[in-house]
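What follows is a pair of forms of the same protein chain, given separately as structure tokens and numbered structure 1 and structure 2.
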Structure 1
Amino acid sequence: MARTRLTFDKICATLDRCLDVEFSFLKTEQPAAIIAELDSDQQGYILEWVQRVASTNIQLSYQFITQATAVLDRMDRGIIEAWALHAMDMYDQSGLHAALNVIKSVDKFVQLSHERTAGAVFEDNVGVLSHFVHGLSGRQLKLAEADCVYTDTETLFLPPVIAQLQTTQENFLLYKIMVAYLWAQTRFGTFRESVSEALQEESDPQQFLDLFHALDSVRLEACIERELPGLHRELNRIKATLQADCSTDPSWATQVEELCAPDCDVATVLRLTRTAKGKDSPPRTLFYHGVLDIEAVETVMAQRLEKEKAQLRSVLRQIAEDMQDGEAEDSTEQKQFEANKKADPSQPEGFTIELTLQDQPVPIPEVVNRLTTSIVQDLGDIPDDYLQAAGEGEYDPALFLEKEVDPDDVWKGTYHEEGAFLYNEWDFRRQHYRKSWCAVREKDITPVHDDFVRATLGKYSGFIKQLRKTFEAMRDEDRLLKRQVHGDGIDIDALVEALADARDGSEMSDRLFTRMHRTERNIAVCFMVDMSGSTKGWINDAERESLILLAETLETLGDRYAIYGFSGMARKKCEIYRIKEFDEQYDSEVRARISGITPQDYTRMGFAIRHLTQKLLETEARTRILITLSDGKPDDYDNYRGEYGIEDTRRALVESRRAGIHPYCITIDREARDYLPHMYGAAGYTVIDAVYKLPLKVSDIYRRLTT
């Protein structure tokens, strides 16, 4: 049915409502006049997106009108929608100014969109690339997005989009080649010699650095050829695509031969750079070679060397004490270890490090192996002062080590997302996700060793016996298999169908029997417990009693199960509480954690469903179940309430089902029937009014999903 073209007055009224002009004081006459000139379909389309953008920011939506109507006839609607969504994402990430820049720079966005069509995007490929770089030898490296290609020896910086080649697959391969090349810089000693000292001696430092970079690139590609021959073949193919003539001037043949030799190191590259200054037509650097940021390298290396020296000396002290093993020696004496090189052709350096103390071989734990590998990458050897065990009272290098961020410390100060899990959140008004919107941290519950568990077991002792019998019967249940070739009984339905087939001349099936079969249980269930402030009082007691009853009876089944609490305060303080993890035994510590469950903040549910879905997916099981125990609907003190919270929770549940999880909700909220059918479906929830009914409901869920 065709839309009716709107009049100027109706458009004004719609814009006044969308842009909240009573409070924003925006003038809608001019944009309304522009929209009035469009046909009815275009009017509806623009007004729909004005409303979507206005749900994020009114000023952003107001600016969107003029820009969108100007490009409506020359831009695909898919690009317009991507542009509007990108502006809203920028608002979420960087604020109004950055979002307005996106709106005003529509032509630039179109150009980037064309690049992304055939290009590879860092955000989409960072996971695969991270696995690739972690599989390479040497120091563990991180990946990050930047405007140019370089490394500081701990992080590989890559461009946000690569669109140099014709297809997405080829551009992804170019990403992979970049990663391998930057890894080679860190692994094969590009920064081992002090390049900065060499630059200080030069009258034209940049020219010297460019030549050094070009010559070292020849050396590193030879290293890649020896270490990763398959990738090197792809590299040669890509080079031919990037550059018509990849050959090097014949006058450089002698230098290239020396650079490609297995024993060539960075000292050789520096020597050749000095002797080749001013020589014409040197080898060229290509796009994937990036740049050398010597200042960034020196800053990061200095910090790492100081940290790793302290760590190694501290570990050596512990090794010396373990080897002494109670012998009457002065414990304050600093032990001097020795590092011996053992030939090992599999290593880029050609050797591995063996340690001795007083001519006695030292067993090298993994932490020492990691430290010595990293130090050799930087220095080519282990200096003697690194091999002296730390003395009494020396600075504890443990302070250098990266530790898990304490969520409570994070919330006290200025918020940052380091160490947090980041999850999208569905905005039904935008009809799109807010990217990396919720910052989620896992916390431990303080165990409470009181008599709550004992009292609960005493209170429900008779009921627990009944529950155990119920679950034992479930464990020993046989499953009736129908339409079998052989069996103990007749499958009436299959027999009727077979006789009907025989009468009309079709071939009669031989699958006419039933038989009982006992299948091995392979189930993982995760309980997601509402710890919001609204559970204070008898609801909290009911939840804790329920968990005790569940755990006591689930132990009978032998299935894997986990218990996590959830609560939070707005999107930047979303908390998951570890009560029992899948690989933990149900012991006195877990019981004490259940006893220690206390009401916290609000009921933001989407992040918890997404996080625990990931937990379940990481658990090997044929059937995975996520059961929510809650007292009410999704709610938070920001806009996560009403329809917004319900729609995000519903979307998180859809995501969970698509991943193969069976979600279910058990609630004591008498009003739950108003919203739970929309979120979980008519058969995906139950309302109870007494704690003792909860385990029985769980057994019903189990039987329905696992038989």
Structure 2
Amino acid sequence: MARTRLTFDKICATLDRCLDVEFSFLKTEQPAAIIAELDSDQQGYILEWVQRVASTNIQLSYQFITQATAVLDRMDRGIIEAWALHAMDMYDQSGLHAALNVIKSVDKFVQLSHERTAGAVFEDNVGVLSHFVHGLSGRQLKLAEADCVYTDTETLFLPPVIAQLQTTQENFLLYKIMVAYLWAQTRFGTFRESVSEALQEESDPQQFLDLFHALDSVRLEACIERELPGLHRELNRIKATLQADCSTDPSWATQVEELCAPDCDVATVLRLTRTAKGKDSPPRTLFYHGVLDIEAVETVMAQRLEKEKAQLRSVLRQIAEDMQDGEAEDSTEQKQFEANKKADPSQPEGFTIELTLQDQPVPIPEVVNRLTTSIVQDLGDIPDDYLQAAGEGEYDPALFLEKEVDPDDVWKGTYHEEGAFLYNEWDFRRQHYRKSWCAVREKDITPVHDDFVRATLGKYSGFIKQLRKTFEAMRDEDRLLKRQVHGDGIDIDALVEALADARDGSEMSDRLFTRMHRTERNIAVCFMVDMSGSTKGWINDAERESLILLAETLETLGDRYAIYGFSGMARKKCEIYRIKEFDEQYDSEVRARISGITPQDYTRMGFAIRHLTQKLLETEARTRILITLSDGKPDDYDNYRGEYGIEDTRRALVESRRAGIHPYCITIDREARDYLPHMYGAAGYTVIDAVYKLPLKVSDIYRRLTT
């Protein structure tokens, strides 16, 4: 049955409500008149999207009406939706102005989306491409988006979209070619000679650099042809379809021949550039060759060499110490290692490094291998001073650690997301995720060494004994299975019966054996504890007491478990507090942390579920359980309150369940709230009103999941 068309008045009323005209003072008559002209199906469609966009911003939605009704006839609905969502994403990232631009330039979006249907998008392909580049030999390179194509020798920078060619496959191929080309620059030593020094002597540095780049590209493509012949064939095919004029002028034939020789290195390229500059019709680079950013290369390389030298020398010191273990030698002496080049035609340099110390071969651990490979890649060799074991205390160990950001500093300093885990959040009004919406950081809890633990243990001592018994009953145990077809022993009862049966002439059972059966459980359970301000008071005490009871009893089971707290202050300050990690012992430190759990800010649950789901997935176990312990009231500073928070929490639980986790929610409250069944729909849940019930609930969950 077709819906009836809405009248102008009805539409006005709907728009007034969606756009909150009472406060926004927007005029809805004109858009309503346009919508009134549409057929009922279109009306419904537009109004729904008006509502969704309005949930993000009312101005944006108002603009959306005018633009969307204009293109409704000629645009695919999928594209309209993508456009609206893109505008909302822009709003999230860059604010109203940027979002309005997206809405206003719908035609640009159409062209772009056209590009996107045939083009290859970095974001979609970065996974495959990074695996690809990691498979190629040498230093592990990262990939990132940028406006132009280049590398700083650590990261390969690639354009966000490639749409030069007709099909997605071909455009993807172009990405692959760029990746391989930039990899070749780092692998075949384009930066082993200082180009910046060479440039200083030139009167026209730019021209010199261009020619150097073009000639080096000839060399690198020859390297690629030798190393990756399949890719080189594809490269030629692409060049043909691009119809790019890639042939070099015949007058450059001798140079090209020299560049393509297997032993041609970058010094040769520099020499050829010097001698041939100014010569007519020079070779040119093609767009996939990108640009050379010599400054970026030299900065990154200098930093890396310094760091790797320090790391290598420190490891060598360690090795030297291990080797002379027991010998009473003077250990203050700095040992000099020797690098022997062992011929290895599979390497671009033609050798691999073997180390000796006083003519004794040295076992090369993986890290040394990685370092020597990287250093040889940069320098073509390992200088002797890199091979001298470090002196005692010569290097600050901080040099080796990737800088870890202190979550508090991040918050105190500028408002940025460095070092944070980013998670999407579900916006039910938009019916879509807000991308990378929550910035999550892990923090330590300040341990409080007070009387709390002892008091709790005292208070519940009788109960703990009883609990232990409950849990012990679930421990791995050998059970003797009787009447088995196969087994280790004879089941005498069964045998006697069977023999009697046989004598009677009836069929003899073959279930005559006993077998030991061991139920080996393999569980990881993660507790997620609400540390929001609303837990202040008896709920916080209840949480802490019950965690102590739980930990005491879980210890008897021997399963792996972790405890984290969570709290948030708006989406940029979502915090996970480490209380006990999976590999950590339950010791006095952990107890003091439990005691130190104090109510913090607000409750935002989605991010915590997502983050701890991730943690669980990284833990090896057959059964993974996530138990949230909260007061069951999602709220946060920025609109997480109410339905939004309930829907996001619900969504996060669904995601967790889909990932194979068993989520379970325990709410500490004196009354059951009516939204709980909906919010916890994807998980099992229960409401408890007293501390001692928690471990019992947990044992229920265990039993249900493991038997």
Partner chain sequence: MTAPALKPEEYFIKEEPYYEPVGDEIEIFQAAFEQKLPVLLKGPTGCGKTRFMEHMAWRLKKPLITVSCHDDLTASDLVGRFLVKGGETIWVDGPLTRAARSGAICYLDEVVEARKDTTVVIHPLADDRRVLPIEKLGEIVEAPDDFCLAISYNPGYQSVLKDLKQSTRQRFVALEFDYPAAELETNIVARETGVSHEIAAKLVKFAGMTRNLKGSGLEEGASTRLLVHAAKLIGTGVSPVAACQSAIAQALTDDTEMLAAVSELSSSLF
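Not measured: the values here are computed from a predicted model. Rigid core (definition): largest C-alpha set, two forms, superposition within 1.5 Å. Please note that residue numbering is based on structure 1, beginning with 1 at the start of its sequence.
Only structure 2 is derived from the form predicted in complex with its partner chain.
If you fit the rigid core between structures 1 and 2, you'll see the Cα of Asp204 move by 2 angstroms or more. Core-superposed comparison between structures 1 and 2: the C-alpha position of Leu357 differs by no less than 2 Å.
After superposing the rigid core, the C-alpha of Arg429 moves by less than 2 Å between structures 1 and 2. Note on Gln303: its Cα is shifted 6.9 Å between structures 1 and 2, core used for superposition.
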